[in-house]
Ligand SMILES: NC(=O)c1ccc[n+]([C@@H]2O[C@H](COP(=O)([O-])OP(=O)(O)OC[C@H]3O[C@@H](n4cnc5c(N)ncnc54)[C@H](OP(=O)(O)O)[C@@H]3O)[C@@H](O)[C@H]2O)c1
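Next up: a single chain in structure tokens, the form predicted on its own.
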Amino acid sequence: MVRAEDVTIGFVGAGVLGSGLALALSAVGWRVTAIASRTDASAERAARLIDGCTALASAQQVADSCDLVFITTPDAAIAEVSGAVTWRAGQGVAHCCGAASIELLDAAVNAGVAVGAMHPFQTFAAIAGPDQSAERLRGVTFAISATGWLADFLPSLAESLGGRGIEIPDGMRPLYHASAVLSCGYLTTLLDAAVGLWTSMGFTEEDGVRAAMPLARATIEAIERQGPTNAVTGPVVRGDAATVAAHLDGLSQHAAHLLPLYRQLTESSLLLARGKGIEEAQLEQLRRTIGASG
């Protein structure tokens, strides 16, 4: 039986996520004792931020000195690192890749090691340093898959950060990761389109960002409080086909490249409109309006 208070934790990879997670876990009392990275300098920078942590020269040295090793390298290197290390039975090794589960650690499984995946449902874009990265890890959802003693231990790590650990069913990791992309990467794409319309009107990108962000932020806060159906607004959920037609006409004249995106989002919004009680005749009029612009 592994006692949580005795577990020493090490990291292979001192990038934004690795150094941030190491710092966050140390800050809530876990024993983060070793870190290695592709360059000695990055490992040393991360280690200096964490009491009792030592920068080591290799992944093998981290594995030799720690009970649990997080491989926080780029995703493409996880399986390679796992396969290159000589593990000892009873040890734990985990990665933080969102798109894959424990299959990336098959080499460690063959050595009798407990393995896990612990992916934070969070973005680390525009991070200035490990302090900001650690702060973003507080209170988030972690997708966890694990074997052996890590099945209980990894959720306890998530809970200690004020978050929660959830288990993604086998085969559902692509849907989980697609949700992350829609929540972050494609949200950025959508807001880029909104900001671009301001530049089409003759304003600067800064003007567009300044105008769009309070609206986007208020919308996200409303979704958090009440859910998407209660937070949604706009002409579609009012059954206002005339305004949608005006939008489509304006886009065709000034931003035709956004027409497919606008039509698809309008069509997808019909389900929300139905949930808001819009009559079927209004929904059909909206469908005709979208189709007429195609």
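Remember, predicted model here, so these are calculated numbers, not experimental data. Residue numbers here begin at 1 and follow the sequence given.
Beyond the structure shown, there is the form predicted together with the ligand, which is absent from this document and is the topic of what follows.
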Contact label in the predicted complex: Ser145 to the ligand, heavy atom within 4.5 Å: no
Taking 4.5 angstroms as the cut-off for heavy atoms, does Gln132 touch the ligand in the predicted complex? no
Taking 4.5 angstroms as the cut-off for heavy atoms, does Ser42 touch the ligand in the predicted complex? yes
Going by a heavy atom distance of 4.5 Å, is Gln122 a contact of the ligand in the predicted complex? yes
Among 92-100, 187-195, 212-220, 161-169, mark the stretch whose residues have heavy atoms within 4.5 Å of the ligand in the predicted complex. 92-100
Report the residue, out of Asp75, Asp152, Asp106, Asp207, that has at least one non-hydrogen atom within 4.5 angstroms of the ligand in the predicted complex. Asp75
Quick one: which residues from 14-38 get a non-hydrogen atom within 4.5 Å of the ligand in the predicted complex? Ala14, Gly15, Val16, Leu17, Gly18, Ser37, Arg38
